Ligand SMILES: Cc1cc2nc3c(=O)[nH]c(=O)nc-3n(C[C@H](O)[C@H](O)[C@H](O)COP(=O)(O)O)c2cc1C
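What follows is a single chain, given as structure tokens, in the form predicted on its own.
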Amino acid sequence: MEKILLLDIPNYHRIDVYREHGGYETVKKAYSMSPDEVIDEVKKSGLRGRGGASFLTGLKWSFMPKTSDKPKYLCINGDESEPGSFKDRQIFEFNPHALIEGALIACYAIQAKAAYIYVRGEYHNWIEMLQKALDDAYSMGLVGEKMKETFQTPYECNIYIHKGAGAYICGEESSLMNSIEGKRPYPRVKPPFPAQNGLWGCPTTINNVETISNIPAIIKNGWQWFSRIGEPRHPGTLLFGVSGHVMKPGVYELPSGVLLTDLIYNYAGGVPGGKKIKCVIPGGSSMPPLRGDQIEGVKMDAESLKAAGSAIGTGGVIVMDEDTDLVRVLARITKFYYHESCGQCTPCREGTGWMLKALNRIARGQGTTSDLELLIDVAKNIEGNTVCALGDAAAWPVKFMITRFRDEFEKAVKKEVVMPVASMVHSMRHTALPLAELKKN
């Protein structure tokens, strides 16, 4: 089976082993091409972003202005704070030089003077691993000023690792840039977009770690090779982080379009005790969940999951068996987004607290049917009404979990006549707990 990122080569994280297998030779090939030719190769490959939005990578690169009186930058998003997602750290640990080589090629394509790899603050060990790989690359003249001599090119590029401060919101691209600049990581209003006004007001392109790590293989083997792997509309391999009720949780690199049931049963070993699957979240905690009876025939690629009523997200597959209490699961997910909301937008700042309070009440056995209607209404009022996508990330689990598992939530609440929405909102205002109490729940 074709693998691109997690190769079965011992010590592949070491620069000597990486170079023995052709590492950093692809940079030379890229530098023999024009920047536009590199962009065109990536564009024709069909590579889509692996960070959640699945946007075409080559097309995003083409948005970078060809001429500018300002320096250009590349930001590589390795914040990876989505619950259920743990794929990028596999690259930091087992294939860091593919990321570094990919960054060098990407910077050349967009003519950036520097790349910033933004890594989740809690990833202490993986930051050290990546820094060691980068130091080795610098010492061999593969990055920085010495690369002019190494690659016989007038072009040079520096790469910096930026340790995050432990906030989920920094995974949002404009928050990430504010964090690198030393500012409070509030998401920026768009437009202007990063390609016009990014880091320090300069043109900036932002890609995910897994996305950039695919670049050397594409340039080495050609766009036709890559486009034939997996699902044609979402080509290449994907890193799937499988967790929850499976026998063999872990990260699996498989061609896009693999069946969700194959991923769970053939690769992750199935569900312990032979229990039935109640729920699967296919792309990290913010993606719409699927019922266990919905997953047959579902393929793991962007378009197929969209058709199934969910999304590929970060490829974090969370499996829950028949004994799972989905009320408690949803309360826990909602608590995360309430805690991680930056507080800039009122719908997200206030709405996540309202949803958490209602869910905690249901989990304690004190909820009513009115709470279910209130939760869906609040989620709909958050969705699409915030500066960044964290609002949607908080709203979707609530909206879709209650809608798709209505029977389970109905069992958890007391039956009553449903109040009109206006009355429910009035009731919430007069019964809301203080902020400190909400955080205790």
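Residue numbers here begin at 1 and follow the sequence given. Computed from a prediction, not measured in an experiment: that's the story for all the values here.
One more form of this protein should be noted, the form predicted together with this ligand, which is absent from this view; the next part is about it.
Here the chain stands by itself, but in the predicted bound form one stretch of 404-412, 52-60, 370-378, 34-42, 52-60, has heavy atoms within 4.5 Å of this ligand.
Although the partner is absent here, residue 171 is a contact residue: one of its heavy atoms lies within 4.5 angstroms of this ligand in the predicted bound form.
Using a 4.5 angstroms threshold between heavy atoms, residue 79 counts as touching this ligand in the predicted bound form. By the criterion of a heavy atom within 4.5 Å, residue 327 is excluded from the residues contacting this ligand in the predicted bound form.
Although the partner is absent here, residue 256 lies well away from this ligand in the predicted bound form, with no heavy atom inside 4.5 Å. Scanning 179, 95, 214, 208 against this ligand in the predicted bound form with a 4.5 Å heavy atom cut-off leaves one residue, 208. Residues 389, 390 are the members of 370-390 with a non-hydrogen atom no more than 4.5 angstroms from this ligand in the predicted bound form.
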